[in-house]
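Here you get one chain, nothing else, as structure tokens; it is the form predicted on its own.
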Amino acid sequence: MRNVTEDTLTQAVLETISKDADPRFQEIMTGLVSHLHAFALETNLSKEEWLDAIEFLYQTGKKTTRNRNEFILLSDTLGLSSMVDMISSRGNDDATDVSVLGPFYIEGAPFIKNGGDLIADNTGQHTLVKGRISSTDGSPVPNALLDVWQNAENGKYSNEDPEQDDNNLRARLNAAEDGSYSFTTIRPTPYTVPEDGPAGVMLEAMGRHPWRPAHIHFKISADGFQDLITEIYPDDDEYIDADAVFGVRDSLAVSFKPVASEEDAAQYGIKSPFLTVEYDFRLRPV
């Protein structure tokens, strides 16, 4: 390899990948090396720029914790997360559209009963969320597990706000035998993705805003079905067409409808007037 040049280096690296390696691994590494080298050549990447990129990744790693994954945020803001979602959803036309997991998901949220409450002592407009979990053929999916999380009225998630309980506005619940589910919460608010890390530095350098439209996250699983990770968005949100992480899909923008009935509010243990959101999720069989 003593005679490698700009013209031969890429092939020299590719030839070091063992033919006994996993075929899919070979395919991914071949593409990665080829595109990285082509990028460096196309942009005439300088040594200083390369070192800046290495430092950027180092700082991204330093900012990442169990409760905040800066690498996911970086992937989200570059549109890579949504691209992977779309690739993985090919052929899923009858299933609910997927959307980004985001950097603030925490495993192991507490269980509540179906129809339970997430509001607790949160301020914000009381909201009833309900719907049905079904297969792509329309048949109900009994006892599906819904993992739900969202931000508080101040725009922050519990794991970025020391004033909130760790599990604030987070819960897991099982749908009923007929696939129906419901819970009460507050209307989520638009917010900025964290700007105090490398992803924020990148957005500023690109001249981009950091805002996300309001949304509620869902991770839904059931035996015999692919896991669904998605979000639903108020269709009247000011950032619905300008999401910093490109997570909005037409099918996920829904109406948060006002209800003035005090009798209905009392039925659900919430304040009138309140909002109601009805959304049916369709899972793809494995």
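Computed from a predicted model, the values in this text were never measured in an experiment. What we label the rigid core is the largest C-alpha set whose atoms superpose within 1.5 Å from one form to the other. Residue positions are given as counts along the sequence shown, with the first one as 1.
There is another form of this protein, the form predicted together with a small molecule, and it is not shown here; the text below is about that form.
Novice: May I ask you to choose, among Leu169, Val193, Val129, Leu146, the residue with a heavy atom within 4.5 Å of the small molecule in the model of the complex?
Specialist: So the residue touching the small molecule in the model of the complex, by this definition, is Val193.
Novice: Of the listed stretches (198 to 206, 171 to 179, 95 to 103, 109 to 117), which one has a non-hydrogen atom within 4.5 Å of the small molecule in the model of the complex?
Specialist: Among the listed stretches, the partner-contacting one is 95 to 103.
Novice: Spell out, yes or no, whether the shortest heavy atom distance between Asp237 and the small molecule in the model of the complex is within 4.5 Å.
Specialist: Contact check for Asp237: no, nothing within 4.5 Å of the small molecule in the model of the complex.
Novice: Since only the chain is shown here, I'm wondering whether Ile133 would be in contact with the small molecule in the model of the complex (any heavy atom pair within 4.5 Å).
Specialist: Contact with the small molecule, no.
Novice: According to a 4.5 angstroms non-hydrogen atom cut-off, is Val245 in contact with the small molecule in the model of the complex?
Specialist: Residue-level check for Val245: yes, a contact with the small molecule.
Novice: Any chance Phe183 has a heavy atom within 4.5 Å of the small molecule in the model of the complex?
Specialist: Residue-level check for Phe183: no, no contact with the small molecule.
Novice: Please check if Trp211 moves between this form and the one not shown, taking a CA shift of 2 Å or more relative to the superposed core as movement.
Specialist: After core superposition, the C-alpha of Trp211 moves less than 2 Å between this form and the one not shown.
Novice: With both forms fit on the core, is the shift of the CA atom of Arg249 between this form and the one not shown 2 Å or larger?
Specialist: No, the C-alpha moves less than 2 Å.
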